[in-house]
Structure formats: C-alpha cells, structure tokens
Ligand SMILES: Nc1ncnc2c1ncn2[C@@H]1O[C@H](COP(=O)(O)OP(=O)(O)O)[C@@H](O)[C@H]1O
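Just one chain is shown here, as structure tokens, and it is the form predicted alone.
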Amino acid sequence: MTDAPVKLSVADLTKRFGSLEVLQNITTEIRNGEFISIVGPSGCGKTTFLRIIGGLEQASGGEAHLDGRRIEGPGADRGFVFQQDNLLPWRDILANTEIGPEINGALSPEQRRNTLRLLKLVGLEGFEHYYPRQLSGGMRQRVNLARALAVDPALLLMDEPFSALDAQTREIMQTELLRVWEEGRKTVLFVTHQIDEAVYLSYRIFVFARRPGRINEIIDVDLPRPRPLSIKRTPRFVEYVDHIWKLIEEDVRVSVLEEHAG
C-alpha cells in the first residue's frame, strides 16, 4: 500500500479533558484503501481518537486532514459504525439503511438501487422490510455497516462493532467484513480490544500505550489475502498476536488494577 495516496494525515494530535491528558502528540498517515486497527489497554484513548477523526470530538491540539481537508466537525465523507447499532425501531431495514442519504437530501431511485445493492452485499437481501426487533445481533450489525456505507464515505470508522456479539457470530462477522471490504476497498479505522481480530483484519495495527494515549508501535501484518479463518491457527498469525500482547500486557495489567482500585 506504500504507493497509494495518503487518505488521512494526523499531526501532533492531543486531547485533554480538564487536567487529564487522554491523547498525546499522535502523528501518523493512513493511505487510501488501508485497513488499520487500533488496539491498546482500556482508557488509552482509542475511542477518543476515533471520535476526533469522526468530527464528534474536538482535539485540544494538533490537527487531522482527510483528503487534504482539515477535519473540524462531522461530515458525510466519514461513516461511523458504533458498538451499538442504534437502529430506529419504527423503521424497517431498508428505511434504516437510507437514513444517511435521506439526511443529505440524496434520496433518489439510483440511491434506492444502491441501498438494495448494499443490503445484498452484507447478506440481507430479502430482509429489507423486516424491523430491527426481528433480527439477530449479527444481522443488526450488518444493517449498521450497510447504513454507514450508504453515504459512500471516504473513511469508515468502526468502534468495536462486534463486541456485543457471541464468539461464533463475531468470527463470522469478521469474515463478512473482509468480504465487504474487498468489494469496495474503503479506508477503514477499526478499534478493537481483541488482538486476534486486529491481526486477522488489518494491513497495519496501531498499538496504543496507556494514558496518555500515544502510538507505541505500528505493526505491519504480512499475511496473504484473502484470509480464511483457518489462518488464525498458523504459526505466523500466533506470532503476531503474541508480539502485540507482550507490547500491551503490562499496560493492561495496570489498567485493570486501577479499575478495581476505583
């Protein structure tokens, strides 16, 4: 991906909440079409970083640029997939997926065809007129992904989207996400606590150190694509997981002790 143009650039990004420094001088570049995961201990600022890039939070210092334009607030050039799907219960799946284009005033027959294509892409063809209460957790997150893609974002931001799913469903959703990503090659920033999830999905992994959050190391994941789930049992995959765990183990230990002390 080194020959791809820079999609997102971040320079000296800092965030404070009062006297608490959450992020410290984060500087990095992400190239077009990259799938980047962010891992680190609880409280290291992973979600705060994502929210700043999404324009949902203001940085205290530094700046970020998407396609050369400074990020100063939310925009249709970014799609957000949260931990909770937040689907509107009174709207069917098709109507939930079209919320973004509807807000942007872009509903049209062409957009409707695109929405139906996206629902087919995420495996929900035939469920367009079901309601959220009729779907499983995994299916709801598929709607969530289709909804984020419906605005055709330049950057897809995903904040632990599979954390509420059971282990088996989570693994299937990982394979489905890669399949959808291969289709459009969107640039993705993906926050997760699961190291194996990060290794399986990513081109590169940003390993954050504990608060104040900063990039401790960037891992290039040199595994072939497409990636079957069986790749998780290969020695090279296990080496990546072990290496990342050793980077964050002490920080995680301290974070857990602090939580219990609180």
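Predicted, not measured: the structure shown is a model, and the values here were computed from it. Numbering starts at 1 and runs along the sequence shown.
Beyond what is shown, the protein has a form predicted together with this ligand; the following relates to that form.
Though this ligand is absent from this view, in the model of the complex it lies within 4.5 Å of a heavy atom of just one residue from Asn32, Asn216, Thr47, Thr28, which is Thr47. Remark: Trp245 does not count among the residues lining this ligand in the model of the complex, judged by a heavy atom distance of 4.5 Å or less. Among residues of the shown chain, Ser42 is one whose heavy atoms approach this ligand to within 4.5 Å in the model of the complex. Although the partner is absent here, Val22 lies within 4.5 Å of this ligand in the model of the complex, judged by heavy atoms. Comment: 47 to 55 is the region of 66 to 74, 47 to 55, 196 to 204, 216 to 224 lying near this ligand in the model of the complex, near meaning a non-hydrogen atom within 4.5 Å. Residue Arg211 is the only member of 204 to 226 with a non-hydrogen atom no more than 4.5 angstroms from this ligand in the model of the complex.
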